[in-house]
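Next up: a single chain in structure tokens, the form predicted on its own.
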């Protein structure tokens, strides 16, 4: 049983001629770190919103560990770090985590203990009582990840988790994801950074304009940029 199956999903924003996702199919094996790679407009963020139940008026099927979405209990097993920073800058890191823990229905003592754990995992434990407004962009990205990890999800979805951050924070995120995956967590990493995908992931889905152009082992592709260019006639970095 796969951790995630996307079967012929089509989604349109309604006011645009082309579909944001067009007969989109991919699979993520349990315990894997799987890259979702494509340029701007490939449909990566749209797919993340479909998986997490934010968009529901789509054709096709989404299943997580065999359960057809949307399913409330299964949604609670997903950790999601969106591309926009989604934490409160007027609170400390610990206050953010306790708030999100309460929103997820976690008992207070469990939320507090998990908050300490995820702050340590993301390298933020020494800044737990510091206002997030004083954090660098990279530290805020790490806190975004910590929130997604708080409830110990089975499937972790990350939408461009290292975009625009400093090398130290990028290193922390890479180390955190590698450790989580080694411990058995399934990770779907959406990125346009080819080096990041090839460094961290053993499987990849390449997408362009809402369509899958490859879904399989990373080992089958020597160079993502060159492969994408051969398939589409343009580079991964092109808008």
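Numbering follows the first chain given and starts at 1. Everything numeric here is computed off the predicted structure, so don't read it as measured data.
If you look for the form predicted in complex with a small molecule, you will not find it shown, but the lines that follow are about it.
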Q.
Residue-level contact is defined here as any heavy atom of the residue lying within 4.5 Å of the small molecule in the predicted complex; does residue 63 satisfy this criterion?
A. no
Q. Taking the shortest heavy atom distance, is residue 70 within 4.5 Å of the small molecule in the predicted complex?
A. no
Q: Examine residue 172 and determine whether its closest non-hydrogen atom to the small molecule in the predicted complex is within 4.5 angstroms.
A: no
Q: Report whether the minimum heavy atom distance between residue 40 and the small molecule in the predicted complex is within 4.5 Å.
A: yes
Q) Only one of 45, 186, 211, 52 has a non-hydrogen atom within 4.5 angstroms of the small molecule in the predicted complex; which is it? A) 45
